[in-house]
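As structure tokens, one chain now follows by itself in the form predicted alone.
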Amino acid sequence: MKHKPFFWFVLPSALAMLCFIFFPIISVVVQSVHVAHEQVIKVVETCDLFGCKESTTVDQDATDALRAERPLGQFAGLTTYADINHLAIDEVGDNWRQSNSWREFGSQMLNLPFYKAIGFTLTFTFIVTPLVIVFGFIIAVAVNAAVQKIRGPLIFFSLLPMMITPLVGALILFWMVDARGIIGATLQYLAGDPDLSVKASTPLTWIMLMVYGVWHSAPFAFIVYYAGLQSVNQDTLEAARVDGANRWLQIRHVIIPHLLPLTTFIALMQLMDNFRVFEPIVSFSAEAHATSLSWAIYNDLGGETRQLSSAAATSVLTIIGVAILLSPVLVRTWREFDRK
């Protein structure tokens, strides 16, 4: 394609990316280095028959004028990133000096809001992502091998978790794991503990959130793999059968290499999606046991006092985290492309 047609072809996409991705990111970065103006305090003297006394009050007019003059707030540099709600530089240093072991240091780190959120976020991402890929592949191979007459219903039921709104699906599982729900009551029976509560246990809550993550996202991997299976070269499979390859060897040496680019695509999508886990935490009311970076942003933006600079700083750290997670996959993909 010539340069001029190519320019007009990519221009709409480039403009959309600038408007909806690049400029918002720049705006968030700028907001993260500013903090809200402090209220202007004035001293007021009141006098009566018994004498005069001074009191302090907020000068609302001066405060409003200051905010109107500098709507972004006052420049704070990287102080928001270093405070206790984010990287907690001072607190990390104190914990390092006071800790007697790596285990104690790690335990103290998880008591800090940001590191508690990043701990669950990374655990959720690195456990759910490979499980989604594995289960999606298994379901796709099983459905593709099924009799033609029952493939339609199997595809429908396999895609059902993805059709349900994430919030609704999370609420359904939330009710099922309740002590009065079928899963909660079953766990109490199997454990022999009538007081066992999934919602009151941090490990069980984490497991419940990850089970939901796999259940909700596996259909995406399934439909991608199922579409890829339709393009497998049947002559190659037939040649493998003639050479005596069983079902497992056909999958290992023919199907898996053929679907490897799709695996890279699914991994990229799932890494980004799982790193911003949010809906399950809200639906399960699991903030006491599990918080994520997205939930921290939501928490900063909620309530009467919106902490815009704190939410912006967490957003920037989330973007950096996603970029770090995706970099190995992107580098590997680029190297493969460069070899071609």
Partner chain sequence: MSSKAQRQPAAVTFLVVLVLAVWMILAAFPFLWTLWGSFKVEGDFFSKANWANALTGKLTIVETGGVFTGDGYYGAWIQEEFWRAALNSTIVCFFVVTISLTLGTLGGYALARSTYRYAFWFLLAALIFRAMPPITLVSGYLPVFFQWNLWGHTATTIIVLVAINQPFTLWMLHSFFKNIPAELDESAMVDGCTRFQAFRNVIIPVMWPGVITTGLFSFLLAYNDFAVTTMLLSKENQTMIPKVASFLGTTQTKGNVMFAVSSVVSVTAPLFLMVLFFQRQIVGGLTAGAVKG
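Think of the rigid core as the biggest set of C-alphas that the two forms share within 1.5 Å after superposition. Numbering follows the first chain given and starts at 1. The structure presented is a predicted model; accordingly, all values stated were derived computationally and were not measured.
Keep in mind that the form predicted together with its partner chain is missing from the display, and what follows is about it.
A.B. asks: With a cut-off of 4.5 Å between heavy atoms, is F105 one of the residues that contacts its partner chain in the predicted bound form?
C.D. replies: F105: no, not in contact with its partner chain in the predicted bound form.
A.B. asks: Taking heavy atoms only, is R247 within 4.5 angstroms of its partner chain in the predicted bound form?
C.D. replies: Judged by the heavy-atom cut-off of 4.5 Å, R247 is in contact with its partner chain in the predicted bound form.
A.B. asks: Is Q98 close enough to its partner chain in the predicted bound form to count, meaning some heavy atom within 4.5 Å?
C.D. replies: No - in the predicted bound form, heavy atoms of Q98 and its partner chain never come within 4.5 Å of each other.
A.B. asks: Is H258 near its partner chain? Define near as a heavy atom within 4.5 Å, in the predicted bound form.
C.D. replies: Flag for H258 set to no.
A.B. asks: Does its partner chain, in the predicted bound form, lie within 4.5 angstroms of each residue among M17, I138 and T333, using heavy atoms as the measure?
C.D. replies: Yes.
A.B. asks: Can you name the residues of 9-25 that have a heavy atom within 4.5 Å of its partner chain in the predicted bound form?
C.D. replies: The stretch touches the partner through F9, V10, P12, S13, A14, A16, M17, F20, I21, F22, P24, I25.
A.B. asks: C-alpha of S27: shift of 2 angstroms or more between the shown form and the other one, rigid core aligned?
C.D. replies: Passes the 2 Å threshold, so yes.
A.B. asks: Is it true that P113 shifts between the shown form and the other one by 2 Å or more at the Cα, once the core is aligned?
C.D. replies: No; that C-alpha moves by less than 2 Å between the shown form and the other one.
A.B. asks: Would you say whether G184 is displaced between the shown form and the other one, judging by a C-alpha shift of 2 Å or more on the superposed rigid core?
C.D. replies: Result for G184: no, shift under 2 Å.
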